[in-house]
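Only one chain is given next, in structure tokens, and it is the form predicted on its own.
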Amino acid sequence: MILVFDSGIGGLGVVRQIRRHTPQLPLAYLADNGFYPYGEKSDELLLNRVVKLIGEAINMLQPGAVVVACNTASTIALAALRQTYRVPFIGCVPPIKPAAAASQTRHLGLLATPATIRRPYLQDLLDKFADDCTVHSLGTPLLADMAEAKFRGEAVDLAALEAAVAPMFMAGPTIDAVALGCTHYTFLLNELKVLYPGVMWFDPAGAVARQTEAVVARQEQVADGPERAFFTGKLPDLEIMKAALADYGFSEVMVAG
């Protein structure tokens, strides 16, 4: 059993990629929707909550590894999680490296939450992999909400999406590659490609799935377990969510409260 964690539905894009790479691998999903959105919370609050919440899930589920499929949680809590629990952790970071490698104009876009944008960890990535690029970063809380709504079957307002993203493209010369720094944004990729057809978009989900496959391959055995999705807050649209989560292999949905 591998546990995948996110603040909401964003980590399900990582689940989808893990299923493609290792379809036999049993998964559990934990969404901290009771504390969503993460992007506007303080570092101290998030650190304490994420470490405690994942610790409780580890004690209950005994996973062979934990995938922190959330950029904000990874940049804040990954080091503390690794120090606290004797379980392999796979984090999620903005795909700066592949975006920089592909860019011809050397002007990159970065879409993320405000919390991820201000992390020192992000600057370290930029210094290491994109030191010869100009990076136009946009921290916006709007896209995660759009992704959550789309997952629940609502149509994406393309005009609203374009208005939310446009400031990044107005910041300077031609951006030809954009790194998605929030796993929620995976669910808006099709719309973003329609709005900006000449741009290369880089999603972290595939890299996280490949790293998960590598970590699991080093283990002698990963125990089975029921494939359940857990939510820390109430789901007013529970029946809609149950149907959507079944498509990701979760036949049972557990909701707190």
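Nothing here was measured: the structure is a model prediction, and the numbers come from that model. We number the residues from 1 along the sequence you see.
Keep in mind that the form predicted in complex with ligand DGL is missing from the display, and what follows is about it.
Comment: ligand DGL is not present in this chain, but in the predicted complex one of Pro26, Pro37, Gly206, Gly64 has a heavy atom within 4.5 Å of it, namely Pro37. Distance criterion of 4.5 Å from any heavy atom to ligand DGL in the predicted complex singles out Ala144 from the list Ala77, Ala177, Ala144, Ile96. In the predicted complex, none of the heavy atoms of Ala31 sits within 4.5 Å of a heavy atom of ligand DGL.
Using a 4.5 angstroms limit between non-hydrogen atoms, Thr113 touches ligand DGL in the predicted complex. With the partner left out here, ligand DGL still marks one of 96 to 104, 180 to 188, 128 to 136, 77 to 85 in the predicted complex; by a 4.5 Å heavy atom cut-off that stretch is 180 to 188.
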